[in-house]
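Read the single chain below, which is given as C-alpha cells and is the form predicted on its own.
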Amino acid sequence: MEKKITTPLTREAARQLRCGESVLISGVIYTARDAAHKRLVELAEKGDPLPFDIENATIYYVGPTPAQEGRPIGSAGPTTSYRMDAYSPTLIALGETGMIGKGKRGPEVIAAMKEHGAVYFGAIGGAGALLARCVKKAEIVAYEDLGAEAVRRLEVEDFPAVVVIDSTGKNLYETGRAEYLAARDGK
C-alpha cells in the first residue's frame, strides 16, 4: 500500500519515511539536472538567493521532452542521480528534503541526508510517459537557456516513487540485495 505524502516535505515528515516504502507524492516539486545544480550551488556559494525556495523542497532529476498539445509536459522519466552528488550535500544543508531520481547515491549525499533529515526517492526509469500523467502543471522558473534541463516548477498528483534511502541512511540498494541473496541461499 502506498503512503500519500504532500509537498513541501518538512524535515519532520522526511524523517518519518522509511526505506522501501511506496509513496504517492502530491504538491509542488522542482526539476533540475546537473547543469542547473551547478548554477544553484554557485549562487549559494556567493550568498545569492536561489530562484525558488529550497526550504522543504523536493527536486526531481529529469529533463522532460517537449509537451504535446494540451499537456503540461512531455515524457518525464528520471535521470541517473549520481551526476548531482557533487551538489546535493550543499542543497540539502540549505533545506532540500527530497530528491527523486534513479540509481545509487554517494556517501557524502547519504551523510548529508542523515545529518539534515532528507530522503531519496526512486522513480521508475523507462516510464516517463506514464509519470508525465501525474504532472498537472509545469512552468520554467530558471535557466531557460538549458532547454530540457531548465528548472521547472511542477504541480504533481499521486506521483509514484519508492523511498530508496531514508534519513537514517538505510539504503534499499543494499538491503534489497541482501534480502534477495539471503532468500536465494535459503538463509
Partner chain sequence: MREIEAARITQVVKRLCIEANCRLPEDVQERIRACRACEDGETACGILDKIIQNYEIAGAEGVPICQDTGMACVFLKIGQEVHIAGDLRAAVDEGVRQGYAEGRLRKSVVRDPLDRVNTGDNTPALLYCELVPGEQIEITVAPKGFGSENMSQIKMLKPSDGLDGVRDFVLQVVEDAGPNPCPPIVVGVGVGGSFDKAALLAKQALMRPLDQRSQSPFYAGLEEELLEKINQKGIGPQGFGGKTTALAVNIETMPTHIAGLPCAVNINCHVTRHKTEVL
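Everything quoted here is computed from the prediction, not taken from an experiment. Positions refer to the first chain, counted from 1.
Heads up, the form predicted in complex with the partner chain isn't pictured, but that's what we're talking about next.
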Handout entry: Triplet Pro51, Tyr87 and Arg153 all within 4.5 Å of the partner chain in the model of the complex via a heavy atom
Key = no
Practice task
Give a yes or no for Leu130: in the model of the complex, does one of its heavy atoms lie within 4.5 Å of a heavy atom belonging to the partner chain?
Solution key: yes
Problem - Contact test in the model of the complex: Ala13 vs the partner chain, heavy atoms, 4.5 Å - result: no
Handout entry: Contact test in the model of the complex: Ala148 vs the partner chain, heavy atoms, 4.5 Å
Key = yes
Exercise for the section: Tell me, yes or no, whether Arg18 is in contact with the partner chain in the model of the complex, where a contact means a heavy atom of each within 4.5 Å. Expected result: no
Exercise for the section: Report the residue, out of Gly103, Gly117, Gly106, Pro72, that has at least one non-hydrogen atom within 4.5 angstroms of the partner chain in the model of the complex. Expected result: Gly103
Completion exercise
in the model of the complex, the residue from Val41, Val28, Ala138, Val162 with a non-hydrogen atom within 4.5 Å of the partner chain is Val162
Exercise for the section: Scan 29 to 57 and write down, in order along the chain, each residue with a heavy atom lying within 4.5 Å of the partner chain in the model of the complex. Expected result: Arg33
